[in-house]
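Below, in C-alpha cells: the form predicted on its own, a single chain.
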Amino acid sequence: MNAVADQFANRGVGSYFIYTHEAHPGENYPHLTSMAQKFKHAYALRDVLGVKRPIVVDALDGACHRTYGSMPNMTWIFNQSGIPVYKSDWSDASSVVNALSYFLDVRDRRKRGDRLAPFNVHRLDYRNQDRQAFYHGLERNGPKAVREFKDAFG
C-alpha cells in the first residue's frame, strides 16, 4: 500500500494507516493492555514492515475500528467532503488503485463540466492469497499466534 500512496500523492490523495490492534497476538506482540504498548506496536509496524504512510493509533478500546466495521484489514476511501466512497473488508492494492483512478476521473470530469449523479455499486473483488507470507507474519508475532490460528482454522 506504500506504493499506492506514493502513486497517488501528487494527485491530492492522502493515505493513512490506522493501527487498531494485533489481529493475531502472540508472545512478541501480545494482546494490547495500554496505550504505551499500543504505540510501541505501532512503531514496530512502521519499522518492521516499512509502513511509510502516517500511522494513526486507535483508542485502546478500538472505538475507531468498531465504528468502521471491525474487519482485520479494511480500506476506506473518503472524498474531500468526508463522505465514504469506497469500503473494502480487505486491503488489496489493485482494488484500491482501481477505485482511486475511478474517483479521480470523476473529479476531472466534473471539472470539465460533466453533470454526474452518484449511484451505489456492490461488487466482489479478488486478491492473491499468499499463505506463506501470512504465516510468516503470524510467526513474527510468536508461536502462540501460529498455534491459535491453526487451532481455529486448521
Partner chain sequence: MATNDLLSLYNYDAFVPEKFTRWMNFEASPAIGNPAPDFPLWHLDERETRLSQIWAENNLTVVEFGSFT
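All figures in this text were calculated on a predicted structure; none of them were measured in a lab. Numbering follows the first chain given and starts at 1.
The same protein also has a form predicted together with the partner chain, omitted here; what follows describes it.
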Within 4.5 Å, heavy atoms only: does Arg66 come near the partner chain in the predicted complex? yes
Is Leu116 part of the interface with the partner chain in the predicted complex - any heavy atom within 4.5 Å? no
Is Asn120 one of the residues lying within 4.5 Å of the partner chain in the predicted complex, judged by heavy atom distances? yes
According to a 4.5 angstroms non-hydrogen atom cut-off, is Tyr135 in contact with the partner chain in the predicted complex? no
Any residue of 72-86 with a heavy atom within 4.5 Å of the partner chain in the predicted complex counts; write them all down in order. Pro72, Asn73, Met74, Thr75, Trp76, Ile77, Phe78, Asn79, Gln80, Ser81, Gly82, Ile83, Pro84, Val85, Tyr86
